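This document starts with one chain, in the form predicted on its own, laid out as structure tokens.
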Amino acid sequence: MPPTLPTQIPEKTIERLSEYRRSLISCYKRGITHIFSHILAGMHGITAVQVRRDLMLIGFSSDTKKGYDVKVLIDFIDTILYSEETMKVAVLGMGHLGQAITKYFNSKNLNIRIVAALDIDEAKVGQTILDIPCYHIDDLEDVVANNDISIVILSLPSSVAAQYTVPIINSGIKGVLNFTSAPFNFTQGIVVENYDITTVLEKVAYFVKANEENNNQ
């Protein structure tokens, strides 16, 4: 049975749990069976106190003399992040970005899988791309219902993305990962994560410039 959780785990904690999981899997593949909080913290540039707080918040405890059992901790985090059944995802927009996202996510050992793509390009509709079927985007509601899809990833041109707000709501989608530069805000209880790659890259560029200017003073 999954552990009993607080009413709501902070967003930043969820992000760190995902990061811990990836590091732990890497350690486990290298034969590391136990890990101390300060080692895990060092991998992520945070304090051991933060790691212990995150794990205490989700109800995880372990033998501190040997450190955390890596496999047990991976499995425990899995019960926090994932449902018992694989969560199914569709990609809206199967251009270069959509295909890159699909290839990346479906190559990972996640209990989340992209099972369908939707596009308006007739050359792609009806084809199998990266081992998943591509449908016409006008068929969104039927595709979601027929494939038990919970999440959509938006990799459409920003200029047309907004017109799919209503179809997404009507389809019963529970979550949206938005890679367009047009922010989405739903009032229907849909979980949304807006990820603007341009903004993130410009933020990095700004701090690089600022560091260079400070070093030249």
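Model, not experiment: these values are computed from the prediction. Start at 1 and count along the sequence shown; that's the residue number.
Another form exists, predicted in complex with a further copy of the same chain; not displayed. Remarks below refer to it.
Colleague: Hey, of 160-168, 66-74, 36-44, 49-57, which bit sits against a further copy of the same chain in the model of the complex at 4.5 Å between non-hydrogen atoms?
Modeller: Heavy-atom contact with the partner occurs in 36-44.
Colleague: Under a 4.5 Å heavy atom criterion, is residue 120 part of the interface with a further copy of the same chain in the model of the complex?
Modeller: No, no contact at 4.5 Å.
Colleague: Evaluate residue 83 for contact with a further copy of the same chain in the model of the complex, applying a 4.5 angstroms cut-off between non-hydrogen atoms, and reply yes or no.
Modeller: Contact check for residue 83: yes, within 4.5 Å of a further copy of the same chain in the model of the complex.
Colleague: Taking heavy atoms only, is residue 151 within 4.5 angstroms of a further copy of the same chain in the model of the complex?
Modeller: Contact with a further copy of the same chain, yes.
Colleague: Give a yes/no on whether residue 101 approaches a further copy of the same chain to within 4.5 Å in the model of the complex, heavy atoms considered.
Modeller: So residue 101 counts as contacting a further copy of the same chain.
Colleague: For the spot marked by 112, 208 and 211, is every residue within 4.5 Å of a further copy of the same chain in the model of the complex through some heavy atom?
Modeller: Yes, each of 112, 208 and 211 comes within 4.5 Å of a further copy of the same chain in the model of the complex.
Colleague: Would you mind checking 163-181 for residues with a heavy atom within 4.5 Å of a further copy of the same chain in the model of the complex?
Modeller: 174, 175, 176, 177, 179, 180, 181, in sequence order.
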